[in-house]
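One chain is shown next in structure tokens, namely the form predicted on its own.
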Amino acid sequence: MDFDLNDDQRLLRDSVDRLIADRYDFEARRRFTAEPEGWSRANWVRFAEQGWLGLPFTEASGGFGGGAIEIALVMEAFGRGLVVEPYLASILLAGRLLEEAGEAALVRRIAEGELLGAFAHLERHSGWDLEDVATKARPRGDTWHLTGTKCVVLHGDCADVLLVTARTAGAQRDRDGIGVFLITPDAPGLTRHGVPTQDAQRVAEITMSDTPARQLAFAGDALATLERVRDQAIAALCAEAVGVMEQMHATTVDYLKTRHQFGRAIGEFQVLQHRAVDMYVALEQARSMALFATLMAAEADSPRRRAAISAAKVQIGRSGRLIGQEAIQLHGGIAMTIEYKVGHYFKRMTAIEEMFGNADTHLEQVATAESIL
């Protein structure tokens, strides 16, 4: 199998790397996170101008028809730059769901950077199970009315449209009877409370009390669509994690070469060289599994896709933890300071490990899968 990038993919990779290198150094990122929404609207406009916001959408929806590989190239670069803009929340989750629902006009506005979306599905009791939904949706006239609470909604405090899962029928954990509803922030009975997270992102708690909403219509089963979009988002998140791990490893190796103790660079001590090699091996293992997830993201067979994505998430979690812990320990006390970047990378890596289920959760998925081949 040929794993080389084509000319268009190389051009995309180079353009993303160049913009991140020019405009997204560590000090610039600190300024972006200090802005009122926790990220830069000016950067979002640049992303739109570069075509990155429209990358995963079809041309009919105002996008460029990019696939999982193109998304992975962007996300890996975002990981290296610790990008805080809501690409995962607005583009890869909310935007993709709107496209699946045939909402081309809204998708076009998202691709142009005019509209921000957020996907609200997590509830306090549900873990990461998409079918565990207690939020109720009841019809009244021509509209639906939602009552319930969603938590840890990625960038939910600044979204212009909220896509909310709610139950129209059945028991709390039934796979049937789940719908996806569109709500605007000014809807009656809706409140949202945003907070910063340890990795400098933002999440919100969304509370609905008899809030009017419009149900989205999918060509197939709504839950199956949710699972497919989620799996594709996890594959993209794995690519971001590789970028994060790359920087933790590179920063640590550079530190070992420049930090002197006992009259010599500490990188000359063999035991520290061995630990740096362990980090590199873990990084390459994660890179291989992230590529596997990327290649399997478009798999139509849901069980095979799910098993592959889970296997990748397991390795990403394990590699990220090893690389992050070694990076902190080999740096010593400086790594724990807020002024030094390696600790921020480890915080983001820790958050990525927990998103959509940690390594232990996904290991259970792999263990119960019949085959991932």
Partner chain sequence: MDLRFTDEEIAFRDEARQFFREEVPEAIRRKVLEGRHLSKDEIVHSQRILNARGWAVPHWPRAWGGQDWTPVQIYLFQDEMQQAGVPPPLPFNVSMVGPVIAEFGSDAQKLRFLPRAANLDDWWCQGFSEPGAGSDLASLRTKAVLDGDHWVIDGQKTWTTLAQHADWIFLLCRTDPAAKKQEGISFILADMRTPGIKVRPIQTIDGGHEVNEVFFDRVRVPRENLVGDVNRGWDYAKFLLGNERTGIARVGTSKARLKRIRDLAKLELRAGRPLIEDRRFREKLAAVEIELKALEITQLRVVADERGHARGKPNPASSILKIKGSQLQQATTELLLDVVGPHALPLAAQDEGNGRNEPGIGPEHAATAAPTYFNWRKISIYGGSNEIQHNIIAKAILGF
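Numbering follows the first chain given and starts at 1. Please read these numbers as outputs of a predicted model, since none were measured by experiment.
Below, we turn to the form predicted in complex with the partner chain, even though it does not appear here.
Visitor: If contact means any heavy atom within 4.5 Å, which of 305-313, 335-343, 47-55, 66-74 contacts the partner chain in the predicted complex?
Guide: Single hit among the candidates: 335-343.
Visitor: For D254, is any heavy atom within 4.5 Å of the partner chain in the predicted complex, or not?
Guide: No, no contact at 4.5 Å.
Visitor: With a cut-off of 4.5 Å between heavy atoms, is W128 one of the residues that contacts the partner chain in the predicted complex?
Guide: Looking in the predicted complex, residue contacts with the partner chain include W128, since a heavy atom lies within 4.5 Å.
Visitor: How about R202 - does it come within 4.5 Å of the partner chain in the predicted complex, if we only consider non-hydrogen atoms?
Guide: Contact check for R202: yes, within 4.5 Å of the partner chain in the predicted complex.
Visitor: Can any non-hydrogen atom of R228 be found within 4.5 angstroms of the partner chain in the predicted complex?
Guide: Although the partner chain is absent here, R228 would stay clear of it in the predicted complex, with no heavy atoms inside 4.5 Å.
Visitor: Quick one: R124, Q325 and N358 and the partner chain in the predicted complex, is every residue within 4.5 Å by at least one heavy atom?
Guide: Answer is yes for this spot.
Visitor: Note which of C158, A134, C151, A282 lies within 4.5 Å of the partner chain in the predicted complex, where distance is taken over heavy atoms; exactly one does.
Guide: Selected residue: C151.
Visitor: Of the residues L190, L182, L272, L88, which one places a heavy atom within 4.5 Å of the partner chain in the predicted complex?
Guide: Of the candidates L190, L182, L272, L88, L272 is the one lying within 4.5 Å of the partner chain in the predicted complex.
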